[in-house]
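Next up: a single chain in structure tokens, the form predicted alone.
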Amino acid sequence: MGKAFDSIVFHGKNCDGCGDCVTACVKAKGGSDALSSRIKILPDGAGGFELALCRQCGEAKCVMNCPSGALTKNGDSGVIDWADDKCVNCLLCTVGCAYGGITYEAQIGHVIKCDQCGGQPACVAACPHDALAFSTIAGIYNSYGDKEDMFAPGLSACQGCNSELLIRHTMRRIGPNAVVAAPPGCIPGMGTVGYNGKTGAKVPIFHPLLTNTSSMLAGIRRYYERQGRDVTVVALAGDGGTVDVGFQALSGAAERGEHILYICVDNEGYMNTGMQSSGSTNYGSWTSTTPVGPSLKGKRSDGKNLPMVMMMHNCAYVATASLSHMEDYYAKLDQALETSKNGFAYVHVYAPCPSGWRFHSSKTIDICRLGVETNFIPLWEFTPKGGLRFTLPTENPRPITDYLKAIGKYRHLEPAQIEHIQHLADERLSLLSKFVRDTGARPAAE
């Protein structure tokens, strides 16, 4: 397997062309004017802006074009390094770069390019609008990419399935010393529990009823503890088996403080059996049991806010997560794993479903990201001692309509329904904010 590298990411929709990143780069590199900046923000011709910056390409044309070997790919950092003592100023590198990332600087007499400031880019730190970000998710790939996948290849999930991505990442991190419960739903339905006596998992996995997942895991965990074995017991359960009929067992296990890691994969419906509405299905959603017609415009009631319900149980650890922000998820998974050794850990992962939500399978992570960026899905974690902490504050959220219009099950919404959804999102965020104990950054609640 190859190696992944950190990179600077540009979110053009957030850029207003202020130039703070350019000024910061000039200052960091000791230049005298904007021409000596390694980063440039240019009009895109459509009222927005685009980025001219070295992408540190994997198969860099500038490196291939360099006849003197002055440009090389750093195997540790991934940065394209430039060697002054080897450069002959032929400028063939600038011809090969499609991103305007390496340019000739007449004042100093040679080419200049981004070196990511040694892993702390000054331009990213200076951007006031979150148009620039430094993605360090490569560390997750490098740390866990070579670990064994605890599920067999070829599971029968729908194309673009968020749940399959989740379970593969989760169990790579947890490892083989685990027992998994997968109640009826999409996760066992894709073949993780197995067919005809053959399992799709490489760890012990069983198929409880929708009603008793947590109580069965509690018994298994207690058995192993009596045997003196430290085994992680994990629930990979959908919202139907968590929010609805499985809630009584979940609530009891949380109240008792059972040593369980419970992960709810919330795709807002019973997607494995025909896309019926569940307790977590949001207001206005089309499902097969909340159709859209002359008299009914989708679901009439609001979905349950189960993460907050679990917080009210005073669980040892509660968190919300989305796979659009993998660093955040892995950090919470680490915390949940540690907590589950001595208490009940609950992680609620929002999992858009291309089939049931009616969007293209290639857009799964885009939908995840829109949910977070509109504050429709706030990301937070809670412990009884520390209270609630927002882990990814969104101070200037995108309009809720950006999220709704990207999803087919909301295509029918009328203005009054959209207003209701926006009000509900604002209200929930405001309520969550009241549980924040520290003075750190937090989303705008009102």
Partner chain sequence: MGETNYLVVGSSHAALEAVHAIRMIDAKGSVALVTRDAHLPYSPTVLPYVVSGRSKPERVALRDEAYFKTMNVDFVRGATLVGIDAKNRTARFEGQPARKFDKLLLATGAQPIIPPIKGLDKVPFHVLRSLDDALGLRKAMGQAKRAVVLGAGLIGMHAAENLVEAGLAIGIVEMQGQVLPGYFDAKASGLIEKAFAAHKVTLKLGRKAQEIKSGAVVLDDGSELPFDLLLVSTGVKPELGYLEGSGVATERGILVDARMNTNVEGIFAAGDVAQAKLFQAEGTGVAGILPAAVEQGRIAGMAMAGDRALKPYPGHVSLNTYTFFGQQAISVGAGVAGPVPAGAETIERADAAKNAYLRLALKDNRLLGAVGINVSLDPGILWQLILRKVDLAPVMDRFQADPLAVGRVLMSRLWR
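Under this definition, the rigid core comprises the largest set of C-alpha atoms superposing within 1.5 Å between the forms. Positions refer to the first chain, counted from 1. For clarity, every value in this text was computed on a predicted model and none was experimentally measured.
Another form, the form predicted together with the partner chain, is not on view; read the next lines as being about it.
When contacts are judged by a 4.5 Å heavy atom cut-off, Leu42 counts as touching the partner chain in the predicted complex.
Of the heavy atoms in Thr94, some are within 4.5 Å of the partner chain in the predicted complex. Of the heavy atoms in Glu59, some are within 4.5 Å of the partner chain in the predicted complex. The closest heavy atom approach of Ser295 to the partner chain in the predicted complex falls outside 4.5 Å.
Partner proximity in the predicted complex, defined as non-hydrogen atoms within 4.5 angstroms of the partner chain, places exactly one of 96-104, 304-312, 153-161, 371-379 at the interface: 96-104.
The partner is absent here; in the predicted complex, the one residue of Gln417, Thr391, Thr401, Ser68 having a heavy atom within 4.5 Å of the partner chain is Ser68. With the partner omitted from this view, the residue of His412, Arg55, Lys405, Lys29 that lies near the partner chain in the predicted complex is Arg55 [heavy atom within 4.5 Å].
After superposition on the rigid core, the Cα of Leu132 moves by 2 Å or more between the shown form and the other one. A displacement of less than 2 angstroms separates the C-alpha positions of Ile418 between the shown form and the other one, with the rigid core held in common.
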